[in-house]
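Shown below, as structure tokens, is a lone chain in the form predicted on its own; questions about how it binds or moves come after it.
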């Protein structure tokens, strides 16, 4: 006897990384049960008419800061995931620079409890990788993380930057776990020195922040991280790529076979130094928004797969924290999880990219890079029903005052966009419907670490790792484990 579906979505255009097809989607128990012609769908308890709309895999934002625990006035898991739902985002990966940082099993367990109680969408949690957390790597993996975050440069929260020696040891320890390490790839010593000298010289203008962080900080950091990943066999991901110059070491590492991936963010694709006078402290973010010449190379790098995906670095702060006169006292970052999809769809409408390209950058590639595909990032039988149903032609204006985020100050306020998420489903349940939050879905989101399936790890040079050189020669295994 055939199944009765919980929901069938009729009349829409289903988008994959390769095609746009007219198809219906049948949902049962949160799983896609069938995709095809309307007449082939099973009987259903509920139908949704998606005529005139596109059906996309929900976006997977691998880079958000939901500030919970520690900074609830900036954001918490409820408000942040509500914003995600309004942005067509069905899975988020939260960074570890909270209070306390997510660097121990205890801190991780506490964050799991908070997120599980409040989240409207699914989530992954990063474990902090630093000089003083290397010993906690096994417990963090066991406690349920999506990957690790290592800060090569300073940012909000002032997480200590590990030395290169500690970074090598950290990569050695993580490599056998198969987990990917996301890197804030800016060289801290350069930035600290330049900022200190400019402060002493009295520079407090917005462009001073950019001057403290020239593109060479990223060139050096990406190159160094790639070399250490190549030596250890660790998997790495370069966060928030902002400059044309850092694309070269990224391409070179990929050509050498390093397991390295990268992301960029809307702020680097759409904003430039031309916007500093208008936005002042609002634009301050790490890495900084750079000169206009960087934008086209970043778009080209997305098109040729040098950059794998789009994320947001959603980093909310209170209004007073973004509007101080001294740029060094302005908190870095701004919300983005709610605006990423309409900003990118506007470019799809303008012909810069296809909607299939967008699905590849926002859903398919994130799922593949993080071992979640095709459970996430796809609309196919067996996939989770994580779906954003969008009106691709809807014209509207981004408005900070209407954000779901607690932080209602962004560089996007008043920007005209084309394309809007109308409904968002997470594991078959509407969390946003007709542009209204379904309040009862608070706590519906769950951690996705248990469905992650990364490829078999390939650690290298194990015999020269810190753990081996601390042993006496007689205690070492005679088996050659350098491959």
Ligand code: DOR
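Worth saying up front: this structure is predicted, and the values here are computed from it rather than measured. Residue numbers count along the first chain shown, from 1.
Note that the form predicted in complex with the ligand isn't included here; everything after this is about it.
Enquirer: Could you spot which one of 332, 175, 152, 253 gets a heavy atom to within 4.5 Å of the ligand in the predicted complex?
Expert: The residue from 332, 175, 152, 253 that makes the contact is 332.
Enquirer: Looking at 317, 111, 120, 235 here, can you tell me which has any non-hydrogen atom within 4.5 angstroms of the ligand in the predicted complex?
Expert: Selected option: 317.
Enquirer: Would you point out which of 59-67, 419-427, 435-443, 39-47 contains residues with a non-hydrogen atom within 4.5 Å of the ligand in the predicted complex?
Expert: Only one stretch passes the 4.5 Å heavy-atom test: 59-67.
Enquirer: In the predicted complex, does every one of 97, 156 and 240 come within 4.5 Å of the ligand, counting any heavy atom?
Expert: Checked in the predicted complex: all three residues contact the ligand.
Enquirer: Could you tell me if residue 167 has a non-hydrogen atom within 4.5 Å of the ligand in the predicted complex?
Expert: Output for residue 167 is no: heavy atoms all beyond 4.5 Å of the ligand.
Enquirer: Taking heavy atoms and a 4.5 Å cut-off, does residue 229 contact the ligand in the predicted complex?
Expert: Looking in the predicted complex, residue contacts with the ligand do not include residue 229, since no heavy atom lies within 4.5 Å.
Enquirer: Considering only heavy atoms, tell me if residue 313 and the ligand come within 4.5 Å of each other in the predicted complex.
Expert: So residue 313 counts as contacting the ligand.
Enquirer: Applying a 4.5 Å heavy atom distance criterion, does residue 360 contact the ligand in the predicted complex?
Expert: Residue 360 lies outside the contact set for the ligand.
Enquirer: Which residues within 274-293 place at least one heavy atom within 4.5 Å of the ligand in the predicted complex?
Expert: Going through 274-293 in order - heavy atoms within 4.5 Å of the ligand in the predicted complex - the hits are 285, 286.
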